[in-house]
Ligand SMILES: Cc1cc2nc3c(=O)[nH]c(=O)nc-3n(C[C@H](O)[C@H](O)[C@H](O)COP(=O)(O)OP(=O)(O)OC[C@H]3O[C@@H](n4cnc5c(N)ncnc54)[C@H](O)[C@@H]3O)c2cc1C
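So this first bit is one chain, no partners, the form predicted alone, shown in structure tokens.
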């Protein structure tokens, strides 16, 4: 089926080439073959035109913070795509750029024999710029498809400053959005004709990367940020993680703030790279609850955090994180494309109060390098930073403390913002994601209100301390685990 109209947009005004050889799906942000409106729409176009489908998935080496960690995670997913598309008889072109700008011209060459181009809409980082650039240089129609979240991005009339207001919007539109979910397995039964080969220029200049023999050390990326040991990217790993959450942890989700309790889904890296769909996650929770959208049809939009979905308390808590908090960050990026992550885009109250306290004496001042190497006086903060460096994540609750203490221990709030961005995006497997940007900006006052009493350095921005955190949640084992020297393999 074609994508719903509120998820579909034209990226250029070029025509469809009726006599083209194939339809192209540029798999840009939704890197999976399941529950993917973009892939589903591309298949529908290919069926309509009775042409083969070509899926191209490229990986640049020149994006900021490109490293072995991010590349390895994405390439794991590319292997999954290769296998799934081969099984469906769809031509797949995986291309890992071997040198800066080596991929320049690839899309124009593919488009030269294409009927049309379909790609993903993603409102963050370099994606919009790349889509705009390619749309301008190709000579066939490019359509973009929003498969970002459960709620269509364009359903919101504006950006929302508070999660409560966005939650009310979710309540207003959720039934309609859930009435048109993507197909779980769009490749099954697609019945597309096979392709007798890509254009010669493409195969000569941009041959498919051998994903099994690729050596990351040969690429011009940051080799100091290693892949996370024992963590694999891709659709298969995402589904395994989702299955483990549904079978073992969702019932204790309300304990997710406890660092020593396995309760969170841990899905953010796979959601970030598009290896799993928010729709599929939603579907699995709904199935677990024996829930269907008829239970919310006609229900009043209250904006309440609890009770609206009609699920168990644990599942309601998870839904609020998956739909409200994740998608309010997508909403901000969609409606503030130029400054969603800039310090200047903070709410007026936050900028005003932080400016008023900019000259307050700091109890400690650390450099980027000291923060990066976990060299502060605070064992709990150091443990959180060590987890980020080793595992590419920080426990959800401690991630908030991690950011608040950077604000507390830097020379200015602007410097705190810079350091949070650098560390999060360099090491975090979900760095550069709308949710990541939203978390950083929340530390500085976004999606929040003025708090009292007014404090030094923070002013009216929400305050957190390690001591108070340690009283609220159990951290002793967490601190011991992540402040211990990592084990090294024996030589004997």
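It should be emphasised that the depicted structure is a prediction, and the values quoted were computed from it without experimental measurement. Residue numbers count along the first chain shown, from 1.
Same protein, other form: the form predicted together with the ligand, not shown, and the subject of what follows.
Colleague: At the 4.5 Å heavy atom threshold, is residue 422 in contact with the ligand in the model of the complex?
Modeller: Answer no; every heavy atom of residue 422 is more than 4.5 Å from the ligand in the model of the complex.
Colleague: Determine whether any heavy atom of residue 433 comes within 4.5 Å of a heavy atom of the ligand in the model of the complex, and answer yes or no.
Modeller: Heavy-atom contact with the ligand at 4.5 Å: present for residue 433.
Colleague: Consider residue 266 of the chain shown here, and say whether it contacts the ligand in the model of the complex, taking contact as heavy atoms within 4.5 Å.
Modeller: Taking the distances in the model of the complex, the answer for residue 266 is yes, it comes within 4.5 Å of the ligand.
Colleague: Residue 440: heavy atom within 4.5 Å of the ligand in the model of the complex?
Modeller: Looking in the model of the complex, residue contacts with the ligand include residue 440, since a heavy atom lies within 4.5 Å.
Colleague: Have a look at 253, 125, 130, 95 for me and say which one sits with a heavy atom within 4.5 Å of the ligand in the model of the complex.
Modeller: Selected residue: 253.
Colleague: Just one of 329, 174, 116, 221 has a heavy atom within 4.5 angstroms of the ligand in the model of the complex, so which one?
Modeller: By the 4.5 Å heavy-atom cutoff, the listed residue in contact is 329.
Colleague: Does the ligand, in the model of the complex, lie within 4.5 angstroms of each residue among 291, 308 and 313, using heavy atoms as the measure?
Modeller: Negative, none of the three is within 4.5 Å.
Colleague: Only one of these stretches, 225 to 233, 163 to 171, 396 to 404, 191 to 199, has heavy atoms within 4.5 Å of the ligand in the model of the complex; which one is it?
Modeller: Result for this chain: 396 to 404.
Colleague: Which residues, if any, of 314 to 330 lie within 4.5 Å of the ligand in the model of the complex when only heavy atoms count?
Modeller: The stretch 314 to 330, when checked against the ligand in the model of the complex, contributes 318, 321, 322, 325, 326, 329 at the 4.5 Å heavy-atom cut-off.
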